[in-house]
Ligand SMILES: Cc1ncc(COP(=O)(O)O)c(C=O)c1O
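Just one chain is shown here, as structure tokens, and it is the form predicted on its own.
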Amino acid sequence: MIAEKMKPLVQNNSAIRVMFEEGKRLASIYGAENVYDFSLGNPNVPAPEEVKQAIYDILENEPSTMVHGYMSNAGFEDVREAVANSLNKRFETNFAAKNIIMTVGAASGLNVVFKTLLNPGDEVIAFAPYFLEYGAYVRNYDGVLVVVSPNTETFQPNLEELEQKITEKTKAVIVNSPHNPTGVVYSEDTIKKLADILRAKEKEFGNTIVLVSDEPYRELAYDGVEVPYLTKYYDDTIVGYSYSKSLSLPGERIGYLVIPDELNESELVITAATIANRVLGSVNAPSLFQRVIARCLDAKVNVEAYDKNRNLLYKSLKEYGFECIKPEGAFYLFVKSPVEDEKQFCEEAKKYNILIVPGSSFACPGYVRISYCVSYDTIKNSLPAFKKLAEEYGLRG
């Protein structure tokens, strides 16, 4: 009855979502305060006060047709102009409203990109570990996801293998920094080398290779780490952004694409992407929240709260004998499993009401992802359970 394309998705339903549902089940048995759910990147930090005030002001003072009505499929022009101006101020870019397409979050934005770019059989390269939905998004348009194996020493992208895997069928390379699930920020040196490789391969094959930068965690960087803005390093770049993390609005599904003038055939790509936004069924990004984010472009995420969580969890797990690199951004720890089968380790963790996600869900088995966008008390209360789990595996700090 169901489509052939859906069958593997049904059989391999997201382990993240499955673990999230398991958390709700355990909470109903043991009480939410006794379940330590680190499965989902669902921000616990509340949205900035500016968001609430913007909603009130807009609904009170703006005409209904300006808030709830149809607009261009690319979004309200004044909102797009405000986003472009904000980016120009922050990153010394030169975008205009025409370079911005408002989208239903970053996920829909990526689907717009791949709908716009891919012919059947075209290849998109991703660096493991990666957000596993990338594969589904590419296959939605009969593309082929090509995976570069992980560099488990630094989790910077494996550029030597990338160079080997680019072919004449390569249409795009997708990167995510700050990174889910590792928390790594790709360095400027990494980005420059990546851009050099792509330019050389474009010349070799005579094809445009688009660098797709997935950036929902851009604002979440610690210890003064700079996150390079990729359009400044490589002309054929498209940026996808979401306010899910920066303004704690994951359920509102609001984001945008940046398609710079420097991109090859940019005007045609902008037109096609605007149409893709419509024909995929979104039609346009949520109208109220377009208006809201235009008023909140200078609002700041509470990075200090995530940093406090990061430091406590990282320090404690290292003391208990777990291995992981310290994240520079996002809100995840990517921890090496004490046994080869990390799924078995996740099952053992559930005995202590700890819910974590196996690294195989990100094409990187042998590791687990721990999302620390929870309350500080959840982390503090979970530490005795983590310590018992470490002792069960004979770990020593």
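Keep in mind the model is a prediction, meaning the values are calculated, not measured. Residues carry their position along the shown sequence, with the first being 1.
Here the subject shifts to the form predicted in complex with the ligand, a form of this protein not shown in this document.
Residue contact check for residue 217: one or more of its heavy atoms lie within 4.5 Å of the ligand in the model of the complex.
In the model of the complex, the ligand lies farther than 4.5 Å from every heavy atom of residue 306.
Residue contact with the ligand in the model of the complex: residue 318 places no heavy atom within 4.5 Å of it.
Within this chain, residue 282 is remote from the site of the ligand in the model of the complex, having no heavy atom within 4.5 Å. 244 is the sole member of 244, 237, 274, 290 with a non-hydrogen atom within 4.5 Å of the ligand in the model of the complex.
The partner is absent here; in the model of the complex, the one residue of 186, 114, 314, 134 having a heavy atom within 4.5 Å of the ligand is 134.
Of the candidate stretches 79-87, 195-203, 209-217, 258-266, only 209-217 contains residues with a heavy atom within 4.5 Å of the ligand in the model of the complex. Highlighted residues 156, 158 and 228: none comes within 4.5 Å of the ligand in the model of the complex, counting any heavy atom.
Along 52-84, a non-hydrogen atom within 4.5 Å of the ligand in the model of the complex is carried by no residue at all.
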